[in-house]
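A lone chain, given as structure tokens: the form predicted on its own.
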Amino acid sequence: MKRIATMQDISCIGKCSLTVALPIISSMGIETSVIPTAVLSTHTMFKDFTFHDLTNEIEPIFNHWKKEGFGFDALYTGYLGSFEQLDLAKEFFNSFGKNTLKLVDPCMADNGKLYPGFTREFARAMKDVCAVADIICPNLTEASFILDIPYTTDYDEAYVKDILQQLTALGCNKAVLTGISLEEGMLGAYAYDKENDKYYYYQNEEEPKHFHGTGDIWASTLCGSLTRGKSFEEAIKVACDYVKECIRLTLLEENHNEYGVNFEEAIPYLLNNL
């Protein structure tokens, strides 16, 4: 059985980070090992959430895993809450990343703004984690902060390609920009494979509402699909289609919640696409 280790926080309520990564990757037939970076009562969409930092637990986990000789087929980082955790993510890749897929979802911003608690200095420091990854998958806001350039919603295909080239110049082999729309009513992901000098773009009809946590679902699905042997292009399609189906099922519910999507009932759809 393939095994992925993922390093990110866990929100006790809120469909994001480990509460989606663990069930989604596991459902894909992959053993999923976790390194929780923090425990939150809810995700950050809610006010007055509690937060318990687990930074001091991370290195002892690494040490125990190394002592036991554990190995992984892929390493995947999501929400990292401090400069120290950025350093630990690099240690994570260095300790367990030999001949292993390393994927970074630099969760820290959306819609032109950083999430609460993050700064431009943190975003610039995220460059160092991206540099040692194989694949990174920021949205356009996160890419803008990482590259320290102005965020814009007025872009064309040439602009997207330029951003992707700048991202891969940091050191990663492949970069994906999520949430890209080059045609009204359509939404997708645009990617660049530096090694093969190839671009990929896949899009769906945009659903009428956006939800918190879909980026985490997308990245988890991408990582699982790649680990299952899908090509880069195929994995992007699987991730985009699954997120769309999650949103579609959510909107079918008369009294659906506002804080996350129905990824659970969409899992059979995901498995059929694999």
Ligand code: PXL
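A residue's number is simply how far along the shown sequence it sits, counting from 1. Keep in mind the model is a prediction, meaning the values are calculated, not measured.
Beyond what is shown, the protein has a form predicted in complex with the named molecule; the following relates to that form.
Taken together, the three residues 102, 193 and 232 lack any non-hydrogen atom within 4.5 angstroms of the named molecule in the predicted bound form.
Listed stretches are 219-227, 241-249, 38-46, 63-71; the contact stretch with the named molecule in the predicted bound form is 38-46, by a heavy atom cutoff of 4.5 Å.
The named molecule in the predicted bound form is approached by residue 16, whose closest heavy atom lies within 4.5 angstroms of it. A residue is said to contact a partner when one of its heavy atoms sits within 4.5 Å of a partner heavy atom; residue 107 meets this definition for the named molecule in the predicted bound form. Mapping the unseen interface onto this chain, residue 115 counts among the residues with a heavy atom inside 4.5 Å of the named molecule in the predicted bound form.
Contact annotation for residue 79: at least one heavy atom lies within 4.5 Å of the named molecule in the predicted bound form. Scanning 203-228 for heavy atoms within 4.5 Å of the named molecule in the predicted bound form gives 212, 213, 216 in sequence order.
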